[in-house]
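Starting off, we have a lone chain in the form predicted on its own, written out as structure tokens.
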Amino acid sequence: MKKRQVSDESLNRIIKYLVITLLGFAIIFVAIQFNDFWSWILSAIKSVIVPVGLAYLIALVVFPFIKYLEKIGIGPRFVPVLIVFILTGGLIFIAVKYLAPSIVDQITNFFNRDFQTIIVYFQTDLRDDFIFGTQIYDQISNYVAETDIINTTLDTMIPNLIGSLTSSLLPILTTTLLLPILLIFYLLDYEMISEKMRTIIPARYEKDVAELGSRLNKTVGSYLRGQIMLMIMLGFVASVAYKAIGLKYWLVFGVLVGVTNIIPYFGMIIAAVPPTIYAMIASSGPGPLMVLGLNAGLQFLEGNFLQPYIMGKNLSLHPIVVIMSILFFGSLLGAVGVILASPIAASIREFYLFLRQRKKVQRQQAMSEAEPS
């Protein structure tokens, strides 16, 4: 039986793929040799993306209010933009004038009066109260003393922290100064910028991309607005509840509940740790079980009433999906990934639903065309 030979067309295709593969590896190899150059390029891109991205996210939050003001007859565009900026500046001024001094006073009082008591507790009384017994505590204490792990960690962490803050100071300052300017231009020309971005898309995909972009903007904007409202309401409720049970530094702990709530599920757990430890050490005030019970009640209130009411069903994600998103995007992007895990997951879900809906429409069109007339 005659053996089948490879055709010239197949051989040319194989050679082409091999050449493309080798060129790809060569490009990767050459790119690796210029790590410093690419780091410089990525740093420059990051310095542009961060303020522009923040302006975009803030615009998603406030633009519906601007459209509402225009709908009721307030115009031209710069007038509602000015109103939004004045209202935002007024809220920031009220927070700085009336809320910040109380928080600073409570933090100052904590370090002046109670911080030393907590240090003494961890050095002495913690041994007697250790849940696994004094023998295990002594073993752990001896291990810590022998390895000098605390001092080593501090010696490494503090210089790195100072270096990180120093290197981030100029980008933070630049972003802070540029952000209001970028936001003003973005809000004034919101539709024009969106239209210009759509012209980049090929004409055959322009309609689908415009619809998908609109749905993603609505999803992310709704999430951000809902999250801000949720943080404010939960922080207020937690502060009032802490004060009602007589917990010292109730305002600091309440604000901590509101701020950490930006991390789904884990935020309430993180916020419960400091007041519980303080209640366990403090000689007066509520006990740790009461503080834990209160935080469990806040978690129940947030998960069953506030979040469904504020966020709505459109942004509801299964807890397993949220936790997986936090773990994945947290490892990928760090703290930013943890904070943005939920809106990214919601956007991915919206993208999937859009593709599924699009395929369904195409299938129905194909079936209708195939039917005999």
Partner chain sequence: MIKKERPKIYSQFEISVILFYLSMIFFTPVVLVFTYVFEVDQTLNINTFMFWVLMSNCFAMLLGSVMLAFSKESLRRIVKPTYRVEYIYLLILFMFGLLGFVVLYDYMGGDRAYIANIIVVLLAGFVYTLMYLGRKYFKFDYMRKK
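Computed from a predicted structure; not experimentally measured. Positions refer to the first chain, counted from 1.
The same protein has a further form, the form predicted in complex with its partner chain, not shown here; the description that follows concerns it.
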### Task
Answer for A244 alone: is it within 4.5 Å of its partner chain in the model of the complex, judged on heavy atom distances?
yes
### Residue contact check: V240 to its partner chain in the model of the complex, 4.5 Å heavy atom
yes
### Message
With a cut-off of 4.5 Å between heavy atoms, is Y98 one of the residues that contacts its partner chain in the model of the complex?
### Response
yes
### Message
When the contact criterion is heavy atoms within 4.5 Å, does F305 count as touching its partner chain in the model of the complex?
### Response
yes
### Message
Using a 4.5 Å heavy atom cut-off, which residue among V79, M229, L178, I118 comes into contact with its partner chain in the model of the complex?
### Response
M229
#### Entry: Answer option from L212, I83, L301, I281, heavy atom within 4.5 Å of its partner chain in the model of the complex
L301
### Task
Identify whether its partner chain in the model of the complex is within 4.5 Å of every residue in the set Y56, I193 and I339, based on non-hydrogen atoms.
no
### Message
So if I measure heavy atom distances to its partner chain in the model of the complex, which of the stretches 107 to 115, 230 to 238, 69 to 77, 202 to 210 falls within 4.5 Å?
### Response
230 to 238
